[in-house]
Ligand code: NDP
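Next up is one chain by itself, shown in structure tokens, the form predicted alone.
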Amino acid sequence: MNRIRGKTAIVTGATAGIGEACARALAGMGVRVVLTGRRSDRLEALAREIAHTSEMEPVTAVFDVRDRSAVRDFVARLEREGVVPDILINNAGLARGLHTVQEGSYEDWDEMIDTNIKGLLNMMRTILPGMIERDSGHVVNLGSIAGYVVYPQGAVYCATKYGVRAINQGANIDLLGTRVRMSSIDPGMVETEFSLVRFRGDEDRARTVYEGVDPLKAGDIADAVCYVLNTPPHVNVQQLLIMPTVQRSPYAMDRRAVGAEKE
């Protein structure tokens, strides 16, 4: 049964990886997608692709979730155009660097905290009031195994994902008495641009992360998102931890090759 056909979903960070996969999967289920991200060329290309195969025309918006004013302007635009979001996929996020706290970069810390935590909150703060007023809606936050287990040289990134986990749990309590649902999808290793972004375009270093393993793919996470969204209204999957079979924790990996960074 398809319970989300005809609904409207905002997907942040839709220009690559998990966000892009979610956009395609949702459009394939008859959901109208609102694609957001910072790279206009990628957004428009994805929108054109979806428009050819989807039942409904996608909407695009170029902005950075860290920019609170831009987020407000985006939501005001949706209201003017009569676009009512039933679903919010809080996917925008990133890791920067792999360093000890004593050697870490203030710039990297700010970018991770402002995107992964404040950006997520900016979207929730502007979208949730309308959902509560309508007494309907579903927010899906993209977390990580890093929100459960801290690994060396990843303290700040892990802290942001612990933060996502705490916000997801706390907001679920705050939503008690409404029909608005909130879920967190928490993946282990997923092969996307994650490591390329973390290492600022160093392709050789990024490639070593996935050597010798069979990681999750972006489509696997999109499948999980669609499952959670498609559950009956009385079901709220608050947390879903999803790992590749070869990984049981950040420290337990069945790796056929040696010498990779942890994600």
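Just count from 1 along the sequence shown to find any residue number. What you see is a predicted model, and the numbers here were worked out from it, not measured in a lab.
We do not show the form predicted in complex with the ligand, though everything after this point is about it.
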The unique member of I87, L142, M112, M182 whose heavy atoms fall within 4.5 Å of the ligand in the model of the complex: L142
With a cut-off of 4.5 Å between heavy atoms, is Y157 one of the residues that contacts the ligand in the model of the complex? yes
Does any part of A14 reach within 4.5 Å of the ligand in the model of the complex? Heavy atoms only, please. yes
Do D108 and the ligand come within 4.5 Å of each other in the model of the complex, heavy atoms counted? no
Contact of G93 with the ligand in the model of the complex (heavy atom, 4.5 Å): yes
With a 4.5 Å heavy atom cut-off to the ligand in the model of the complex, the contacting stretch among 49-57, 33-41, 200-208, 231-239 is 33-41
Applying a 4.5 angstroms cut-off on non-hydrogen atoms, the residues of 158-197 near the ligand in the model of the complex are K161, P187, G188, M189, V190, T192, E193, F194, V197
